[in-house]
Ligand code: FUB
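In the block that follows, a single chain appears as structure tokens, in the form predicted on its own.
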């Protein structure tokens, strides 16, 4: 790995977002999403599914206090994925087995938000929750409300299904974020105590288990980065190395003979360093791959890095929607086979695209490759933003590319497809995940090493880097232009990504092009002017994608566009776009020449040319769909 260009991301504290588009989004999260989710975690949103999250920590705190006093505490079953008033006593744990993670993600989002804009009232709310969380921690560091409330003796007994290490991962990430924002160590110390317990419990000469739902791997690396405690890095590396070894750990614990069913689901079918195809639960997959990239970088593990390259190539080239969505099938919320990307059955979970961005940034830290940054951009501006309503008060878990509301209601195969965003979810992983990513979006702009500063995402900002003070004035989303003012601290190289959607570009200085980046030698203060040709384009799928043969999508820059019934009438499948569409871009929307096929009510008839009338089609950015009530939507349209 000696020939790779290792770099570090620049933390939020050293970046100030000035970009109008992203200032609006981060402000929306700060003003609407974070307060709304706080109420949801306390079960105070009318008409929304209950979270039980804060309620569980209150129960666990009381149990922990009784344990400290030496009192007997009750035992309840720990045998289900989800517990509610109908299947569990009122005093027992309620919610999904991973319910704790929702409050941790909320705290993580708060941490990033406080870095952007201090808020004493919000900080106090978070600290109050942190005190509650810490009061539930057991003396040996264990912290998971399901097992604290229901059965302390059952902890770590079913790593495959019960999500303790997953919840720990979100605890650690929240702790690091909040500590970075406030210097308050309470949650960080709690996370380290739990990490100490995990590191003392699992390892080559200890329990040879590993998480069923990954994230602990990259979370342990985050703790290592901030504490420099080597055992955290060693435990993360152990989890990755041990995963998929035979006999399968899960089988030995559950008393079964080795079987192959379901191990693809959690990427435990073979050791990660030997994996070549993205399979199984998509969120689990990209969280694992993120941890793999972390370990590959810090341990200079070439074998693991090669696996990450294979997996990223497989996702980007064969398993990713044009919107940056991944996980094509509802069965297991999983990756499907290569080129299987159905539009109207798509799962494309919001969390999966967020996890993909985590993975791709870590890969960019190892070696710059514009294809990776392009994919992260595609996911960020389309599936991720579509996961949240424009007012920040409702959310998509699933992000289809084609919706017929009647089918979602009447076709059981499509009931996971929602035509309108939901106020909240019992399984509410996506809304707080959105909040933490958008609040930390500045950390995806740059990476740097002692010689080179890379700009991967073109978000207007001012940044204080090791190499220079940088001011990026960006109208990238509207006209493809950038003005980058540079005050160097020393001589260095500036590397700018050339977006794959751009066929023509210009720079005001001399550069060398390599792996999709333009490299400039910077010796003194300067202003670099950049122009990427921003045109509306018709994009087709590979003809191996059966769902979209003879159909195209409309894109402009990083944005994918879609048709909605509100603008184009019902029966979107009747529409065709002209091969010479005469695109007009205005105020963020695109119109084009097209045709509407006249309705034919005969179920079968002899083939003749269809009867069409000319029409003007209107396309809106995909992330804006379903903000005007329930209606049909389609990304792809037939072409003349």
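Numbering follows the first chain given and starts at 1. Being a predicted model, the structure only gives us computed values, none of them experimental.
Note that the form predicted together with the ligand isn't included here; everything after this is about it.
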Only one of 417, 268, 283, 484 comes within 4.5 Å of the ligand in the predicted complex by heavy atoms, so just point that one out.
-> 283
Residue (of 239, 335, 194, 166) lying close to the ligand in the predicted complex, criterion heavy atoms within 4.5 Å | 166
Among 87-95, 502-510, 275-283, 183-191, which stretch has residues with heavy atoms no more than 4.5 Å from the ligand in the predicted complex?
-> 275-283
According to a 4.5 angstroms non-hydrogen atom cut-off, is residue 349 in contact with the ligand in the predicted complex?
-> yes
Does at least one non-hydrogen atom of residue 213 fall within 4.5 angstroms of the ligand in the predicted complex?
-> yes
Give a yes/no on whether residue 397 approaches the ligand to within 4.5 Å in the predicted complex, heavy atoms considered.
-> yes
Counting only non-hydrogen atoms and a 4.5 angstroms cut-off, does residue 115 reach the ligand in the predicted complex?
-> no
